[in-house]
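Two forms of the same protein chain are encoded below as structure tokens; each is given separately, as structure 1 and structure 2.
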Structure 1
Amino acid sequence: MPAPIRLRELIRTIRTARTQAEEREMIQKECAAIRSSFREEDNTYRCRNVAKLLYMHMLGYPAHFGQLECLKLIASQKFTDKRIGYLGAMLLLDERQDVHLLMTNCIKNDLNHSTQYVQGLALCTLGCMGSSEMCRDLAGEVEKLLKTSNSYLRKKAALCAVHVIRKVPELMEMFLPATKNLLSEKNHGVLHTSVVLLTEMCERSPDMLAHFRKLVPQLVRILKNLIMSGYSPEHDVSGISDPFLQVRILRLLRILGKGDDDSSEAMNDILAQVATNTETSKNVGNAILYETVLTIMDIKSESGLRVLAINILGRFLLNNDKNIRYVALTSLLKTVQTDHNAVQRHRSTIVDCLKDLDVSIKRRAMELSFALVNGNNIRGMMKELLYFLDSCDPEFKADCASGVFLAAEKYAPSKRWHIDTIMRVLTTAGSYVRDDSVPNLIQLITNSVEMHAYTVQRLYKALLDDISQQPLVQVASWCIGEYGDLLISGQCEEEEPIQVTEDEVLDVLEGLLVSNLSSPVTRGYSLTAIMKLSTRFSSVNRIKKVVSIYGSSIDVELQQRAVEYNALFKKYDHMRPALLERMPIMEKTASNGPTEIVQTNGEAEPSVVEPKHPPPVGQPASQGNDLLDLLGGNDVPVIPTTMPTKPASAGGELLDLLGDLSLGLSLMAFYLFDLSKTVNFLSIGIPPMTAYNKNGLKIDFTFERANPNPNVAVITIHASNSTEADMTDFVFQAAVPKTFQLQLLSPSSNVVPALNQGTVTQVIRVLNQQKQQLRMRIKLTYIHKGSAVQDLAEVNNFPPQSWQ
């Protein structure tokens, strides 16, 4: 059989291939020749064939059929065969394949070989792909080589010991005596690997960490010698003595000093020396300084040292290397919470990084800029960030707008500034803002009573300039509907009032209804705004005409809204002024509370917004928190018991008609009821049930169904007391899953009479649009015989008729 081609010739041949198919053909042909050679047990060229096979494996072609040949080469007595065999084992074998266990005996023999290079090959292979079984069997041999006087073997044995500890952590103590002696070695290679081994042991075992803390002075001495030593050509890199060893020692010191006062004190001086004496003109010096900064920030260092570290990061921001600027921004972002004032000194440099061409640097600079915002610099920082928002790429706009909203809400110096800032964001990046930005701004405007005239005038001007930003158009429509009379009257004191007629305002809103840029939600806002203006403007006939036109709209939501508004004009016109009066001031609550405002900017309509009433007399102020405890989290909507509020106007009849359900931000709840029919509640033969009976307190539920809306179940609770003493300060609370909407009306009394001489009744309304099985958790609190009583219960046995 002719001799196979050499590896060099194979590489040259493969490189001449012009196409992938041609290369595959060459590889397949050579693999076939190698297989034939393996089958014939050709020992002469086995090493050459395995070497070629490894090259093909590196190109991505399958080479698993050469695994056993690697084992044969390892068992050979020739060093060249062993070298290729061990290399093949490291590339082709891993611990998932049982064949690797066949190597264990060969590796053990080679670890005791008389030639250091063969021992080194065995150590490298064990440290690269040794399984936990192999590590257990060979750990003793590795530990013996750690104690040898040969520095070549000691450094390889130390790295192999790292792998053994990762695979079998319980063998860590075996290497403890030998590891302590490694630090006294003069050879830098051994020192380097010993520090790596110490680091691994400290990271994996708190006991080892405490044990090795006494080595801090020795590590400090080694690091000091490296800094103060003169030029050494063997270890010099760009004028710095062995920067790799310095970095490793600094990382180990960071682990040893974290959370320990004595260790941190021992290394403060050397860290200051490294920070001040390291040359920064080369990248090698910057790497050491970066590790020094991380160590200073992690240990309990002195305040002056921390300021020095932050100043180093500030110098990094001026470096031409983008990677150095990026790691500086990332490190400052981690330390800004603990060393805020020191980072603030570099604010201008950080803001300049917003103009960097690199997107990753811009993102880090933006995040850090928002972290630096406080009450003192809010105006200046917002000016820079708003400029960045105007010019940044679309991928940054959403995060930047969100950050501006949060910062303005937290640090706004005045309500006018707050409103102007949010409007500026909506004007420039309205399509990228968070879903809750519209209701949040509406709430801000509603609560700023003195700014209503100024805000509606600014928003009206913004509408004239641009109607493409849907969130801005929605807020403007809402404000014009609420405060259109202020716009017409020209009562703005903050800036020069504009002269606007009723027809001009209605023209703008009607333009939004027909614009192709308007989303369905925006049209809903506009139609509701026009309806609200029917009580503020004199052009009622024009408004009636617009509303009637949209009664046949192809958009079902808009059509239903228009039909209901027409019903208001025709059947309930006497109630219209009270119904369409201005919204009350809204109090912001937690995200899952009953006054949550949800807006999805074009995907769905806003949820019902319900103004929060003060808790009734005798009800604890922590009712909301207690109910969250009752639910075990924030995953279900809760509406607490509220006192009834009846407006002293003709609208009271309609509120009675709707059963005190919230009418929402812009009559969004009309879909619950059809105003063309009379709403009443009919008993439909649902059997009553006992929901609670304990300690003399009995809670019965009776059921009715709202007509004509069968999705609303009306539950009346009847609380009776069979004990000899009254139950006072009685409070009933309930919660349902998110798929339901629940409303608790006020109870008939907060005293449950003794001896069943009377009952306390309370009405619960549950909207179950998905017809799911009703589940409810209840919480009862009352005072009985001078003692406060609190109990929880879960009600899951509702009659099917109550929810089907």
Structure 2
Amino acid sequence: MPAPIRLRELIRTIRTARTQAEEREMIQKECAAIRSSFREEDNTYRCRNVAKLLYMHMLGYPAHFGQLECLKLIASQKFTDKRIGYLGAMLLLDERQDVHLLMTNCIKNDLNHSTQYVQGLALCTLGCMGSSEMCRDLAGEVEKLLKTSNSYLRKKAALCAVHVIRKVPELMEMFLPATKNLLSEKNHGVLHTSVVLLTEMCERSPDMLAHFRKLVPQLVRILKNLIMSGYSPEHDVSGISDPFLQVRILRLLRILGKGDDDSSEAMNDILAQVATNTETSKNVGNAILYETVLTIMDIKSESGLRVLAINILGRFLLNNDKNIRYVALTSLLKTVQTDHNAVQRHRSTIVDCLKDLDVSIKRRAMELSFALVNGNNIRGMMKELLYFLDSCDPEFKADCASGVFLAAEKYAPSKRWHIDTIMRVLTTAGSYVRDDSVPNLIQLITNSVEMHAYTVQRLYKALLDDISQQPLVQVASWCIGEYGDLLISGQCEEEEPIQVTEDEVLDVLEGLLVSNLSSPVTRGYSLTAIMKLSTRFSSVNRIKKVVSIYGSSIDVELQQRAVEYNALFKKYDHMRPALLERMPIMEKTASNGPTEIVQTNGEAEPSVVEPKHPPPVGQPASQGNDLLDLLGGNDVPVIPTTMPTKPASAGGELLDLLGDLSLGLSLMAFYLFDLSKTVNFLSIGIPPMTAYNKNGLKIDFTFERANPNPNVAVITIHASNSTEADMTDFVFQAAVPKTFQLQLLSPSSNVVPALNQGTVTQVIRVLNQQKQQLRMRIKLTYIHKGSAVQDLAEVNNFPPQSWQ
């Protein structure tokens, strides 16, 4: 068998291949030759063959048949063989392979080899890809090598220990004694890897962290020496002595100083020194400054130092180098929560970065700009952000639009401004707006009563221009359906009213129905809008015609709607006005977010405003029935469809719907915040009262007025149990007269612990629009000492302030 070709030749040959097929052919031929050579157990050329195999592996071809050969190479006595063998092992034999464990013995032997370079190879392989079993077996050897005086081996052993700890955290204790005098080494390699080892230990275990805090003075001293020492050729990088070690020490100091006053105090000086003395003309210096700034922001530094850090970041923002600007924006984003005012000072620079050409910088600048928006700068910032929205790449538009909506909702200085901003977003980035913002916008528009005419006019004009952006079209058609009468009558105060006839409006809406640009959802909106106009316009016949045409539409949803509306015209015409009345103001009620409606008239648009998640299955139906039985069914309404849900889970479902869009999350967080505002009670002077006190069970009511609707009284019941046995399966039910509306949220638990050890709380919301005196009937069921107990009571002693 002729000697296998050399690696160099193989590489040269393969590179001459002109097509992929040619290359594949050459490789297959060579693989066959290598395989037969392996079969012959040829020791001389095994090394060469494996090297060739590794080359082919890099080109993307399978090389698994070389795994065992790598093991044989590792076991060989020749250094060349070992070198290639270990390389092959690192490339081909990760811990998912079965033969991985066979390496353990070889590595163990090599860790005790007489030549340090062989030991080094073994440590390197173990430290790069050793599995947990291997680490467990060989940790003892590594620990031994960590204590050796040979600095070449010691530094490798330290990193190997880091890997062992990452794979098997329980073994961390084992390396503790060896760390005793690691920092007194002079050799920078050992110092660096020791700091890495200490960092890893401190990050993983708070005990270790506390233990190593005493090293802070030593670390400070080492850092000081590095800065103050003169030129050292061995470690110098552009005039700075060993920047890698400096950064690593700064990182360890950050971890040690976090949350600890004494350590932070000890580092203040050195941090100030590094921050002021480091040369910033090259990237190296800036890297160290960056790390210093991160450290200063994380520990309990004094305020002067913090200001220094923010100013450094401000300087970074003005740097010509893009990388440094990017890094500055990223760090400012991290610090904006804690040092908001300081970051505000750099707002204009940050906003300028929005115009940068670089994509990464634009993204960071956008996120930071949204974080900086507050009540004072909203107008200016919004102008910039809208300009950005106009001109940015599509990948940013969705996030930017959501951010604008969020900021506008939080800080809008006036309703008109708010509506204008929304219009601007819809017209410029309409197709990128997220789907869930359509219902939010509709709710917003409904709530700004005085702006209805203005809004519908502007939306109508926008529709005339462009019907391709679906969210805009949907919102516009909904508004026209609702407020079409205002549009016709030309009532707009805010701007010049336009003259529109009913036919023109219907033309536009019908145009949406037939246009190819409209999505099925949009068509649904426009059909319903047309239908609603039948009570607001006088040209009912035209509407009837349109509706009946769509009764045979191919789109099932459209067909169903048309058929139902047709039925409305034919059989239920007397109900039509009531059904298609103007929508009431929608409350942002606690449990289901903005789409939960406390309605007093019929729904005309269930498809638009129904809650996005299916109503939770509960026992409300049975509750309702019980109460009907209980109270004779005459003067008590069925508890309305508002189902009790836990606020947290409602938020959770909404969160699921939006996936992991971070801005969507913050939108939901905003609603949950609204929720917590209403659920967290501040008593406004209404005294609590005892509603029921019998057989050891006492129920107290505490009151609050709900924001923003003063007609809603929020009552929390507190149930406590003074007997010796717990009351389990505790259920509280309430009923109110017809003029009120009641909503019962979930109880905190259904076990009332004995001997007043705890209370069960539950929230009741009562809508009292007619301001009548509040009366309530309550029903209690629970199991006490093995027997079921049921009781009814009437609560009449509500304090007058609760319903006035």
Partner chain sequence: MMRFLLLFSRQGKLRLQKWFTPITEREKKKIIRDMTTLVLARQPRSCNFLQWKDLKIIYKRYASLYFCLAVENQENELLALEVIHRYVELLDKYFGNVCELDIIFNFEKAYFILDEFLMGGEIQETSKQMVNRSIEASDMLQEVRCTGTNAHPDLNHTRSIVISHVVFICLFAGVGILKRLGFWCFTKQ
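Take the two forms, superpose them, and find the largest set of C-alpha atoms that agree within 1.5 Å; that set is the rigid core. One-based numbering along structure 1's sequence throughout. All values derive from a computational prediction rather than experimental measurement.
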item	value
Which of the two shown structures is the form predicted alone	1
Core-aligned CA displacement of residue 391 at least 2 Å between structures 1 and 2	yes
Core-aligned C-alpha movement of residue 531 between structures 1 and 2 reaching 2 Å	yes
Shift of residue 502 between structures 1 and 2 at or above 2 Å (CA, core fit)	yes
Shift in Å of the C-alpha at residue 414 between structures 1 and 2 after core superposition	6.2
Per-residue CA shift, residue 782 (Å; core superposed between structures 1 and 2)	17.5
